[in-house]
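Next up: a single chain in structure tokens, the form predicted on its own.
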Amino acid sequence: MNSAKKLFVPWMAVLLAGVGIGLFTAIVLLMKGHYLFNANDVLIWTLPLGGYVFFALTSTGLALVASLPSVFGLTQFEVLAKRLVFLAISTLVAAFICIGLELGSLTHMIYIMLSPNLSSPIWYMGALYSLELLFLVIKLWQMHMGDWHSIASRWLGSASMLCGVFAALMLGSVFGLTEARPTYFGPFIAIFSLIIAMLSGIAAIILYMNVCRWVSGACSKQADAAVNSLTRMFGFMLGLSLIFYVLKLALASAYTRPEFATAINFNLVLFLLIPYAMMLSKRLRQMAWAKTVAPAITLVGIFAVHMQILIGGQIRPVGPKAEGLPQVLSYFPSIWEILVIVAAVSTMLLLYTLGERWLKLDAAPE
């Protein structure tokens, strides 16, 4: 605990510096516009959107795991429920930072919300994630006040779960409806998004609990049984995600050149295969270092998968704008795109740190 207290001030200084850099980045972007990103008429979705997809789906996964005790009666996860709800809120805030700065202005987000296009999955996605955030904040407040099992509390758990499920499906549909882009098109990517969301959420809470215990000695040992159950579920979701990822590559190969033999896809499968192989071992599933390394590798791999899909669907120009352009475009994020991710991660970790210190996240119903 003494080492944790010594680390608290420098850790907070690092996070506040990150948030300060984020505020500076936001001001510059709002003044100078979207051209600071390495985007063009063909490649319009860049690193901040990849960050949004990653954080939004991870938040959905955390919210789904948080709903297990209140919606499905799995009481062994009650000891994690309050922390899961708080982590889902913080991660969703990071997602909103990414999408707000990707759009170039927070007013664009407000405009989208206030001018509904009922045939647009983008509008439904934004509305559902906003509702999910609202329900999660109210749910957290009720838990903080000791209300765990009232009808309103259960209703909020169900509502946030449903919003998360349909928001993840809508996020996948945003890409799945772009018929001109074979990498995105089709209903499969919406289902794939929901599975990746669940995997991301489980990986995030297992990683968080192990890091929290290692760094600060906090995070109740009463949660060990719940974390061990999630570790077994983590192995299952890794296997399921691998199957769906390979199926996605196989389906894509039916109407575009095979991509599953490229080095990048090999590396991505490897990122998911390594933790899957680790979780197959009962001995490794019980070791703290393995329960830290495996979800960390998984989250890095999932982010890489999101970016591979996001950029892979845009680098081959199509239509009139393809004239004069090479057959395949190259992409590397600009410094401003990287700073958007720094801002989102710093804000998310700052919220994690403050919540862990002040919100009694180990609380559980008696």
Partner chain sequence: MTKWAMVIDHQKCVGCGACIISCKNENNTPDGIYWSYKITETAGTFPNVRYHYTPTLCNHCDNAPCVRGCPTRAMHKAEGGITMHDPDKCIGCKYCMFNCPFGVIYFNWRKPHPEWHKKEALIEGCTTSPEEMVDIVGGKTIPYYNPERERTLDGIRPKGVVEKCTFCDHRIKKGLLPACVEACPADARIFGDLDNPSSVVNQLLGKYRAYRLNEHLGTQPKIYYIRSFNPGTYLQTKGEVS
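The structure presented is a predicted model; accordingly, all values stated were derived computationally and were not measured. Positions refer to the first chain, counted from 1.
If you look for the form predicted together with its partner chain, you will not find it shown, but the lines that follow are about it.
Not displayed here, its partner chain is approached by W45 to within 4.5 Å at the level of heavy atoms in the model of the complex. Its partner chain is not drawn, but in the model of the complex it has no heavy atom within 4.5 Å of Q222. Put simply, H34 is close to its partner chain in the model of the complex: some heavy atom of it is within 4.5 Å.
Residue contact check for V328: none of its heavy atoms lie within 4.5 Å of its partner chain in the model of the complex.
Figure note: of the listed segments 149 to 157, 116 to 124, 194 to 202, 239 to 247, the one touching its partner chain in the model of the complex, with heavy atoms no more than 4.5 Å away, is 116 to 124. When its partner chain is considered in the model of the complex, only one residue from A39, L64, I302, I341 comes within 4.5 Å through any heavy atom, namely A39. This chain is displayed alone, yet in the model of the complex one of H144, R213, R285, R181 has a heavy atom within 4.5 Å of its partner chain; that residue is R181. Contact with its partner chain in the model of the complex holds for none of M12, E78 and L349, as no heavy atom of theirs lies within 4.5 Å.
Residues Q314, V318, G319, P320, K321, E323 are the members of 291 to 328 with a non-hydrogen atom no more than 4.5 angstroms from its partner chain in the model of the complex.
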